[in-house]
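Next comes just one chain, in structure tokens: the form predicted on its own.
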């Protein structure tokens, strides 16, 4: 489990995330939602150990501030919101960056991993192409393949590992949005944990086991999707009169943007 308690992050004297406490459990997909500027990415960067923070963040019981980088890299892999490269790497070279030294299975497995990961993200046959020649959506999936190589097994030696994904579907067509979210769901169902930032409320409703809502750098709501994806919570946080609906039989909720207005509710 990833557990944060009293987590705060400031840039200079400006608070960005304030007193956030949360839990993201192994075996679940935890989705963070909220309007632009609500602190989602800063929260993710703190949970990954990328930036300093006040309070406590524990991953599998270990305070990440005191965990060596190599140990942290073996426990979690991070897909940032955007990645830029200045040199002409091939797709395979990019994906191989996710392979950690000393991986169980040895050199033979390491050699196979890039192709396996590329196939997983629907990019089989792309290994020899240059990264800069790909579309934005294809580049995003290459980066996910790299991340998957880092934590290919969701559980290693009985210890769960984590995928931290910042807007993993932002550049993708609808089919590949579903492909990537199914990868995340499968990772969790096999014992790993996933924390993902999403803007699509319907994908959140489809795939999230647990939803965290950020607003103004603070935790606005947290719980199962049925507890959090409610008219009053979404209207308050997004300042937009959204209507949450449900299919007959109490199935997955969905949000129709046609019900929204541009002003505050």
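Numbering follows the first chain given and starts at 1. This structure is a prediction, so every number in the text was calculated from the model and none was measured.
Here the subject shifts to the form predicted in complex with a small molecule, a form of this protein not shown in this document.
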| query | finding |
| --- | --- |
| The single option of 204, 48, 41, 30 touching the small molecule in the predicted complex, heavy atom within 4.5 Å | 41 |
| Partner proximity in the predicted complex: residue 244 to the small molecule, non-hydrogen atom cutoff 4.5 Å | no |
| 4.5 Å heavy atom contact, residue 16 to the small molecule in the predicted complex | yes |
| Contact flag, residue 223 vs the small molecule in the predicted complex, heavy atom cut 4.5 Å | no |
| Any non-hydrogen atom of residue 35 within 4.5 angstroms of the small molecule in the predicted complex | yes |
